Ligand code: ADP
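First, one chain by itself: the form predicted alone, in structure tokens.
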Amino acid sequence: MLTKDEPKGWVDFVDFIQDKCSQAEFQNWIAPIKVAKATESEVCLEVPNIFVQEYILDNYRRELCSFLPMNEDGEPAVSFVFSERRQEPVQKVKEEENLDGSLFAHELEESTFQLNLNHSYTFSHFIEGPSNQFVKSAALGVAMRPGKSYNPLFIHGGVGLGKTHLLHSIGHYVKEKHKKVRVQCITTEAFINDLVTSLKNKSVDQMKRFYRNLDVLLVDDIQFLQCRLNFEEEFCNMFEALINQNKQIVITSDKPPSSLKLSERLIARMEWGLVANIGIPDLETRVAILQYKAELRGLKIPSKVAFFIAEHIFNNVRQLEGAVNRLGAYASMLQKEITQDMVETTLGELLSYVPQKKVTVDSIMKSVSSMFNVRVQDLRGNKRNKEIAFPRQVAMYLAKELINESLMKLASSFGGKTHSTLLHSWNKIKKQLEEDETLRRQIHMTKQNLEA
């Protein structure tokens, strides 16, 4: 927000840019900037981080020269300082009512255990599609009624699919809607570091009081707790203490609980509530994500080009965001519009070229039936003997992996099966692939036949 102390040149620059760019771009990149100091020959701007500094210099260097002083080299005479993170003083927290009606008193050092949430990771910024619709609904349900809906909530999925985004979204929602609720969002690595520091400082009791007196605990990347027995034991004790008080716990991982190398005790605790998988977004969702990320940067990507990118970058959302950032820098430097030729030149190593031959459920069934020596009509049928059921599960796995369609539509192609049946088959084969070399070869040969 502008103040009367800010120089006229900066005020005019902000007014000019606000009319030129989108509202989303302005709120994300321009609005957070403040004037720290201004003289006739130089302006010092306070920015939240290095990315905002690079963004304004990369995109508005010419405009800065028009409104602000210039140096001898014809560059804007602008310097930058980063916003200092405010440290909260040590506070004594008085007795207050918990979600379940119990009262307790505790002392917390807020400066030691800070809540750091990414301001961009909110429910409103999360692009919803068939692959993540269920898990987003579960996360929102937990945020609306902590400790009352799904507890614990365990979210698992591949890298860059939105697990951390949902975790931080829950944190933001709880902070906004439940003012008296104590919430903490940490990575597993941060928890381990906290415990190590507390052991060194002989302040383990203080750390235990802090975590056990939370109302909502959000833990990212629990897989990093594997093979660390002492830390796992302390985490499990904390987990049980919170659950027994009806406190909400949300955990993310790259694998489901049963696939983690953790104690049976902890795995059983994490499977108490709801285990939800977040999958790879389908084509339409990837296009929507791409266009949204581009809008935040003030970029215009033609629909045809967006579909081209989304068709060839499909592993995770972070790759899509990286593609937008790279295209933005390239287009800004060359002052050119984004075209397919530019995409192929700039993003060559990111693009995964899919086979020209269209893969269908029918072609998958034919290839699987040939590999496992079963009939296609059996794959569509309801026989449950192992010789038929297992190849059918393989076919369902390949259908979900290779075809960008809804689970319901894919499942209906298998003789009217339900989407939950298809998802169960996909999970089973995916897990078995981690240990079964023969199955890996069979699926690889099936894919080669499909692409031939």
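None of these values were measured; they are calculated from a predicted model. Residue numbers here begin at 1 and follow the sequence given.
From this point on, the text means the form predicted in complex with the named molecule, which you will not see here.
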May I ask you to choose, among V317, L242, V324, V287, the residue with a heavy atom within 4.5 Å of the named molecule in the predicted complex? V317
In the predicted complex, which of the listed residues (L161, V219, A294, V174) lies with a heavy atom within 4.5 Å of the named molecule? L161
In the predicted complex, which of 124-132, 143-151, 234-242, 374-382 comes within 4.5 Å of the named molecule (heavy atoms)? 124-132
Quick one: is R182 in contact with the named molecule in the predicted complex, heavy atoms, 4.5 Å cut-off? no
Interface membership of H165, the named molecule in the predicted complex, 4.5 Å heavy atom rule: yes
Working note: in the predicted complex the C-alpha atoms of G279 and E434, off by 3 Å or more, come closer
CA-CA separation of G157 and E437, closer or farther in the predicted complex than in the form shown [shift of 3 angstroms or more]: closer
